[in-house]
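Take a look at this one chain, the form predicted on its own, written out in C-alpha cells.
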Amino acid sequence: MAKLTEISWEAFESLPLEEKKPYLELPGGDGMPYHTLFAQQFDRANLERLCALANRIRFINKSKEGALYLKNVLSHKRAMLYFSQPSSRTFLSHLAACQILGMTTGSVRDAATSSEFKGESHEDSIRTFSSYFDMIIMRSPERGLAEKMAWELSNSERPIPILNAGSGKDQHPTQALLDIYTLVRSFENKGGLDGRTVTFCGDLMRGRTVRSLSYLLTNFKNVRQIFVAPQELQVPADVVMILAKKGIDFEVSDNLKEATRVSDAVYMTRIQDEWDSAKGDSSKIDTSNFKFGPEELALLGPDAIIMHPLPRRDEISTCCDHDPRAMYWRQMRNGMWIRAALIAATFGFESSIMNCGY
C-alpha cells in the first residue's frame, strides 16, 4: 500500500483526490482511512461498513453495561479537538463521539488562545499536539490545511491520524458521512437509497457540505441530484465536472417548488456570508425564492425528507420542525454515532465492536 512517507508534499498535493486515497488508508489495506480528509476516500463498501458500525454502537449504548463496554474501547487513547474556525455542532458532536468510546480529550477552539497567536506555524502547533494526543480532529478556514498536516505528521517521528472536521470552502467529510447515514436510515425500510432524487438548495457555491455529500451520493445507483440556487450561488464547476464524468443524472435549477415535488430528500443550506468580502456581497442576492416553507412542505412527498447541516437562519420555516419528514434534528444525533464509528474504525476496533456480546 502507498504511504505518505513515500511521496513529497508537492507531489501529493498535485494528485487528483481519488489518487490520494491509497496514501491515506489504514495499514493492511482494508479500505478504511487512517487520515480522514475528503469524501473521495469513501466507496460504497466502507460507507455501508461505517453505517453498520454506527448502528451497532448506538444499539450497544442503550444499556448501562453496553455503554460501559464502549467507554473502555478507547479509554487508552487521547484526542485533540483543534478548531480554529467557529463551531458548536461539529465540535460537540466529535466530543460526544470521543466520550462514547471513553477517549480523553483536549481542545483549542480559538487560535488566539494557542501559540499561533505568538507566530507559531501550523506545522509546529500540530507537532506539539501530536506529542500529547493520539488523534487530531481539526477544523480550519484554511483550504487544504488538514491534508498538509496529515502529510507532515505521517513524515514525523510520531504519526497519528487526522480527522478533517471542515477545511475552508472545499470539504467536510464527516458531515457528509452523517448525511449519508441519515439518508440510509431514512430509506432503509422504504427500498433503500438507490434510485432516489436528492435536491440541494441554498448557497451551493460555498457550501462544503454540498460538495462532499454530492460526491458520496455517486456511490449509490441512479441517484439523481438537483441543484437549486440563485445564479450567483449555484453549484461550482468542479462538482458539475465530477458528476458529468461519472455519468450522474443531475439538473441545475432555480425552481425549488418543482424540485421539491419530485424529490425524495431536500437538503437546505444557509447563505455562507462569512466568506463575503467587506462589501457584503451576499446581501445583494435575492434569495426569497430559495426558502422552504408551508407551500414547499405541501408539495413534499409523504415518504420524502427535509435535511439541513445547520445552523439555520430563515431558509427552513419553523413550521416544518414538527413534521415527521423533518430530519435535521435527527441528523445531528446521527452525526455523533457515525463519528464514533469512524473513530473506532480508525483505531482498528470495528471488528471487536461488531462481534462483542452486547
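Here the structure is a predicted model, which means the values were calculated and not measured. Throughout, we count residues from 1 along the sequence that is shown.
Only in words, not in the display: the form predicted together with a small molecule, which the text now covers.
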Legend entry - Proximity to the small molecule in the predicted complex, single hit among 299, 310, 26, 326 (heavy atom within 4.5 Å): 310
Legend entry - One residue of 90, 186, 214, 260 in contact with the small molecule, assessed in the predicted complex (non-hydrogen atom, 4.5 angstroms): 90
Legend entry - Listed range touching the small molecule, judged in the predicted complex by heavy atoms within 4.5 Å, from 70-78, 236-244, 202-210, 127-135: 202-210
Legend entry - Contact at 139, 175 and 270 by the small molecule in the predicted complex, all three, heavy atom at most 4.5 Å: yes
